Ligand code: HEC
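Okay, so here's just one chain, in structure tokens, the form predicted alone.
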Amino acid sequence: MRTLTVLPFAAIGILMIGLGIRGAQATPAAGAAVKAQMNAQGCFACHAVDMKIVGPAYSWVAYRFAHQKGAVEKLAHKIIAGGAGEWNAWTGGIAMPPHSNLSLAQAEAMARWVLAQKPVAPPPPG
């Protein structure tokens, strides 16, 4: 059963890379599939697109990593491994749990979706 869930997301990631598409705008279906996977992983329990919940807003992440080489890979590994430290001033040091059940292709598709959000500078911490 796991293979069936991995293949569609791998195919989406490969399609998006092959077409040179950076984010969820590849097709509405691709964006919806990635967002559904993020929902299933509980991402939106701690993150929102435009405001801090527990973790930083996705628009803040898009801002921080805009124009950084290797941003997709770095974020994908962070999604899989979890961690803390980069957003402590905003989160108070609450760690993101690992999502080690994801394949690298799934995490990269999620990272592309996050990076496709409109970049917005985070407000001053506090």
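The shown structure was predicted, so the numbers you read here are calculated from the model rather than taken from an experiment. Counting begins at 1, following the sequence as shown.
Form predicted in complex with the ligand: not shown, discussed below.
Contact check at 4.5 Å (heavy atoms) against the ligand in the model of the complex: none of 32, 63 and 104 pass. Residue contact with the ligand in the model of the complex: residue 41 places a heavy atom within 4.5 Å of it.
When contacts are judged by a 4.5 Å heavy atom cut-off, residue 59 does not count as touching the ligand in the model of the complex. Although the partner is absent from this view, residue 85 contacts the ligand in the model of the complex, with a non-hydrogen atom inside 4.5 angstroms. Using a 4.5 angstroms limit between non-hydrogen atoms, residue 96 touches the ligand in the model of the complex. Contact annotation for 45-75: residues with any non-hydrogen atom within 4.5 angstroms of the ligand in the model of the complex are 46, 47, 54, 55, 56, 58, 61, 65, 75, listed in sequence order.
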